[in-house]
Each structure stands twice: as C-alpha cells, then as structure tokens.
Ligand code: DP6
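Coming up is one lone chain in structure tokens, specifically the form predicted alone.
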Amino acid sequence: MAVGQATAVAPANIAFVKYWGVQDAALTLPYNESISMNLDRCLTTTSVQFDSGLETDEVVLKLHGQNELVAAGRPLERVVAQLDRVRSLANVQSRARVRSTNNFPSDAGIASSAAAFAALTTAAATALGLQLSDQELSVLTRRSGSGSACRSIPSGFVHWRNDGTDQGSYAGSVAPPTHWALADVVAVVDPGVKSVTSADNHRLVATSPYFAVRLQEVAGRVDQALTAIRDRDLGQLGIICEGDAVSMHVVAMTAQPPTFYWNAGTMAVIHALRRWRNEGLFGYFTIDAGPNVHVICDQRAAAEMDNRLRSLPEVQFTIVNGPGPGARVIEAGASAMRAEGSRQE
C-alpha cells in the first residue's frame, strides 16, 4: 500500500569558494564555509514512492548517456542511508521505490552527487509529509555524505554557513537567480567517471602540508566572494574563483596519496582563457574534483565564450548555465502536498 510519493528536481551547483575536507565525517561537517551558484541547466529529477508492501528499497538510476541500471553496492547503500534518515524523522518504516535521472555527466566534477541527494531528500521528505524549512532541509541533505548537496536546496547564489555544529552547518540564499546575469560555461574535456572520488579526498586533506595554509586563506575568500556577488563584480569574483580552485587542487595534489584531477584538456582551457582575456573576452576558470572546467563569465559574453571553447580540440562538448533555482517539488501525492505548501522560501 502506497504511503506517499513525490518527484523533485534539484540543480548541480558550482562553488566559487570550495568545500574541501570534512572535520566530522558522520555528520559531513566541513572545515570551512563555501560560496556557490546553482545551475539552471544541470539537473537531476528524482521520484520517491514509499510503499508499505515493499520488503526492500528499490533504486533505479538513469545516468546521462547510459542505460537504466538497478543500483547496487555503495550507490545503493548511500541512497538507503539517506532514506533511513528521512524515515527516522517521519517515524515510518515503509521502504521506497526511487527513480533518478540526470541530464549531465555523473562523477565528472560537475556536482552530480549534489543534485542527486538534494533531489532525493526533497522528494522523500515531501512524500512522507515532513514540514521542513529550507534551513532544516539543507541540514538533512548535508548529512547524506554529499556535503555540497546542501547548497542545491536554496535558490540562486548560496552561502554554506558553518559553525562546526550539526544545526549550524547549512546553506542559505544570499541572492536570487535574477540578481546577476552570470553564465557558467562548462567545458567538458572528459565526461568519464573520475578515478578518485571527492569523498575519498575529503578524508585525506589533513595529510597535505598545504591544507593549513588553505584554511588560513579561505575565510577571507568567502567574505570577498560575498562582496563580489553583492556588487556584481566579475573581475573580483574571477580572481577569487581561480585562486580558490588552484588552492583546492594543490591540497589534492599534495595529500598522501596525491590526486591529480587535471589533464591536458584542463590546461588547454586554462591557457586559452588567459589568452582570450588579453583580447578582451573575460572569463575565469574554476574546477571542482575532476578535469572539466567551469568558465564564469557575463551572460552577454556566453555565446562567444561557448563558441571559442567548442573550437578547442580538447573540449568534447559544453554546457551553458545561468543562475538557477534550488531544489523544488514538481509532483506530489495528495497527502504530500500539504508538506510542500509549508516550505519556507
């Protein structure tokens, strides 16, 4: 017998100031705060139906460019663990059918897990009638183990605040998507699955001799990024993005064992951006845990930037994003709709 069902959409996000390293793995508490922008084109859609007649959770994934597959092993365990957190809050035992689809490459440094767990948590909480504010939903989503997923809950430009406590580590919007006409042109140089996961590297940060230096720098970058967003200052934001991305990857490269996410295509895009800035086309790179490059630019320059990036032989394809809304329910059963109406925007 069905208990409740809902379908939610959630965006990937790009961090201008990165989350890198967990000080409490059980709660996914980061060492530092971070700043990000939700993306309007890189999306995951997830349906959750709780059914008291099921004996186990059933999870089907439809990843970009792949056939449907029934989740097993670690991917299934992570979904079930998050469903258990939601079930515990709702005080129900029913198992669930989950179907999740995304429209961009997974595990390639484009925050696929962030979109996936934000969509999963939003759909599951709504299906079970939980009446959660965005802050409460962000905290619950963060606990999934994909910390950056908490940034995909609120809309637009987002600040993941962190005071080192469970309830004090959550993401909130600092500006709506309409505040600033930015573009994120993702230059995909390798759509494949990265060899070392972000989760593995979050546990290794303390082995890098540079990590302490990064922590000293990052708080100032958070403040500077917030100011740049407030003032719509692309030049200042670009400096912050590039500096923080290099800082994060230096930590990965100097951890034990080291991880080298960048490849020749990554460097080709970086060098091209530097040339184009000298020619008056302003775009700035940031790179998550993978080889693919996010190019931050003004939306008026996005078409030219996209054309130039696609002309590079190392770039397989591009995805052009603007700022987007956060996680939202697009369909819910009658019993679940009451909870959706209570969400605080």
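Just so we're clear, the structure is a prediction, and the values are computed from it rather than from any experiment. Residue indices: 1-based, along the sequence shown.
In what follows, reference is made to the form predicted together with this ligand, a form of this protein that is not presented.
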Q) Among the candidate residues Gly145, Gly172, Pro191, Pro176, which is the single one with a non-hydrogen atom no more than 4.5 Å from this ligand in the model of the complex? A) Gly145
Q: May I ask you to choose, among His202, Arg95, Arg221, His159, the residue with a heavy atom within 4.5 Å of this ligand in the model of the complex?
A: His202
Q. Want to guess which of 53-61, 281-289, 304-312, 37-45 is within 4.5 Å of this ligand in the model of the complex, heavy atoms only?
A. 281-289
Q) Going by a heavy atom distance of 4.5 Å, is Ala15 a contact of this ligand in the model of the complex? A) yes
Q) Wondering, does Met248 line up within 4.5 Å of this ligand in the model of the complex on heavy atoms? A) yes
(Q) Test of understanding: in the model of the complex, would Ser208 fall inside 4.5 Å of this ligand by heavy atoms? (A) no
Q) Quick one: is Ser100 in contact with this ligand in the model of the complex, heavy atoms, 4.5 Å cut-off? A) no
